[in-house]
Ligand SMILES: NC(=O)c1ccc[n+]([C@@H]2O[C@H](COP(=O)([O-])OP(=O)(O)OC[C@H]3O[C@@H](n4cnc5c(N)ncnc54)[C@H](OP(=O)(O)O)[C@@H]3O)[C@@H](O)[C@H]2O)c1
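Just the one chain here, the form predicted on its own, laid out as structure tokens.
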């Protein structure tokens, strides 16, 4: 199977490339240099040249506040760009696996299952939902994998929540962390392996895959501090409303992963295990 990964220089894209390579798969990466999602012709040209059987579409503009400020760019990249990918893959007869987000929900009654109706409260969520509809509408064989709060070690990528915390706390800098944002923190290496396993299992439609337990951001921060031996007093608990974020955040979010667990025969990696593996990777041990 010839697998093509968009966003190949990003955090999850890089994990997928390495995981597929270790399995001996024929895998090719497409970065932003080869395909600008806002330009349909460059997307089509890159995909046609890669000749995929499956495309895992990880490329996106994931800056939630940035999407709220620049809705035109968010639409062109996250909605239109995904539509270009889906339409080109339909022409090529290739399957699309689209990585989406819990932000398609309002965060009032999580965790959410695959059958719960989306109701985004920020523009990023609306655009990712538009991408879902484009992918699922292009072919019944396509797959959407919703996830959330990705963390883990990665060289040369934008720091995720855990790496940012590790950096700030290790330097003795105080951080303000929300006590009222809930969800499943997802170890990126585990998600990459799960996506490949779901592909091998022939999954299609909608599947949720996120971390194996339910934490607040504040609880995560305390666990990080303990893990690296930092002063927990540096972590200042606040409400989300005190952070001054441009876009609304789903508060009681989270994803139910029962479908994926049934298909894969395992639970997703929990936060403590994922954090231990992240710290080991940061030390060059994994």
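Numbering follows the first chain given and starts at 1. Keep in mind the model is a prediction, meaning the values are calculated, not measured.
Keep in mind that the form predicted in complex with this ligand is missing from the display, and what follows is about it.
Asker: Contact with this ligand in the predicted bound form for residue 12, defined as at least one heavy atom pair within 4.5 Å: yes or no?
Answerer: Yes.
Asker: Given that this ligand is not shown alongside this chain, does residue 36 nevertheless sit within 4.5 Å of it in the predicted bound form, heavy atom to heavy atom?
Answerer: Contact check for residue 36: yes, within 4.5 Å of this ligand in the predicted bound form.
Asker: Should residue 58 be counted as a contact of this ligand in the predicted bound form, where contact means heavy atoms within 4.5 Å?
Answerer: Residue-level check for residue 58: yes, a contact with this ligand.
Asker: Should residue 158 be classed as touching this ligand in the predicted bound form when contacts are defined as heavy atoms within 4.5 Å?
Answerer: It does: once this ligand is placed as it appears in the predicted bound form, residue 158 has a heavy atom within 4.5 Å of it.
Asker: Kindly confirm or deny that 112, 142 and 259 each have some heavy atom within 4.5 angstroms of this ligand in the predicted bound form.
Answerer: No, because 112, 142 and 259 lack any heavy atom that approaches this ligand to within 4.5 Å in the predicted bound form.
Asker: Taking 4.5 angstroms as the heavy atom distance cut-off, pick the stretch from 168-176, 115-123, 98-106, 132-140 that is near this ligand in the predicted bound form.
Answerer: Looking at the other structure, the answer is 98-106.
Asker: Using a 4.5 Å heavy atom cut-off, which residue among 162, 74, 148, 192 comes into contact with this ligand in the predicted bound form?
Answerer: Only one option qualifies, and that one is 148.
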